[in-house]
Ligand SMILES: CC(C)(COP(=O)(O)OP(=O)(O)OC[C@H]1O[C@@H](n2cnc3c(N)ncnc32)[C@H](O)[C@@H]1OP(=O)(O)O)[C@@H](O)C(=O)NCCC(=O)NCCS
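Consider the single chain below, provided in structure tokens and representing the form predicted on its own.
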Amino acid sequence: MIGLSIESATDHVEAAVLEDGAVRAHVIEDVSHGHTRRLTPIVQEALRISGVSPSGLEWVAADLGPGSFTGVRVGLATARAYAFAGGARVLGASSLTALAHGAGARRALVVPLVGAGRRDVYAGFYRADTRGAVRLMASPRVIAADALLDVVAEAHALLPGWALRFVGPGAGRERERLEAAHPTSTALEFRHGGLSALDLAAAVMRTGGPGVGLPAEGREADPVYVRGAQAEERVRRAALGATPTTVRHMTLDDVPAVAEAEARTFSDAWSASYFRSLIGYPGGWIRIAERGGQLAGYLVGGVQAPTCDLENICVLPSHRRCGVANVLMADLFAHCRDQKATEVLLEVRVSNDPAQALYRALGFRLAGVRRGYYRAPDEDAVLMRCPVPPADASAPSLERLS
């Protein structure tokens, strides 16, 4: 199989043509901010050296990010264009996943780092076992360099006795700081000079799906920005944020719509009969969120003081990033205070980036890993824990109807 691998998530750009894993051409250039101008000539040069035409490609791979917004977008657009011209498949992997799998670490927390502008870094969290098999451990984050060590300590505490390995160009940039805190943590010296199209090609050929940090089926070309565009978020909130969210108990009449939303959202969806069985269950907190009279989301929790288990939370796509999840969680926290519960626990797929970002914003922190917890697809769960916050006038506005 002949393929083209395009690495353009940072200023260090590479294009490689491979046949059954053997490299036929490998072109490298540091383009600064010239992705739009330089990427196509770099790809054309790799194809010329290899003697392969676009029609001879069976797959084209692009780095999905995180990294340079422009680099990721231009790389994906270029990959799609060459794939369309030759009828090839478009494949992708994140920059962090390619680094983690390529590093060759063993019995270690592997933290790939890619520069994110100013003094920020994009950080990934993976565990490499004694055989070198790599699994995703938590969602990627964008972190100020000054706060990186505290965040890493939270994840490293879940792997007592394991080594810590920083890799990638961000590790090269922050090497002095990282070594001062964790001697030998950058000793692999892996890709300090930049990302590699060869790592990307190896990553997209792996199996394992989200559990190992690869895209889910059907999302092989979805970008992984980690940090959203602030201008876009401001416009969205201005357009959609004025509609209030109300919260009430779920009833049997709500179950068909809830079950339909559940089936569209989750690969291991709960059935309508299971939702019906929960209504009225002792200790259960089964809530519906509505906006403009429409179902916007739902939450299922169970309280047995002093703890509460958050078992399910979902926001429908048309109501996301409008504060619905925050309102549902504020409602749950209020119920916990009423019931004298002091802590909320939850499990979440290691690849569920939006949920983990929400939970972190609400005060949840990593508390454990449950290996092989999910099926369809196979994936670990990260356990998160949050103390119930005190009642606060700054919490999301909430109208509890029942």
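Keep in mind it's a predicted model, so treat the numbers as computed, not measured. Numbering starts at 1 and runs along the sequence shown.
There is another form of the same protein, the form predicted together with the ligand; it is not shown, and what comes next is about it.
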| query | finding |
| --- | --- |
| Segment that reaches the ligand in the model of the complex - one of 126 to 134, 259 to 267, 198 to 206, 147 to 155, heavy atoms within 4.5 Å | 259 to 267 |
| Partner-contacting position among Ala163, Ile286, Val255, Cys322 - heavy atom within 4.5 Å of the ligand in the model of the complex | Cys322 |
| Partner-contacting position among Leu39, Leu358, Val52, Val369 - heavy atom within 4.5 Å of the ligand in the model of the complex | Leu358 |
| Residue contact check: Val315 to the ligand in the model of the complex, 4.5 Å heavy atom | yes |
| Contact of Thr246 with the ligand in the model of the complex (heavy atom, 4.5 Å) | no |
| Interface membership of Pro354, the ligand in the model of the complex, 4.5 Å heavy atom rule | yes |
| Ser185 within 4.5 Å of the ligand in the model of the complex, heavy atoms | no |
| Sequence-ordered residues of 326 to 353 touching the ligand in the model of the complex, heavy atom within 4.5 Å | Asn326, Glu347, Val348, Asn352 |
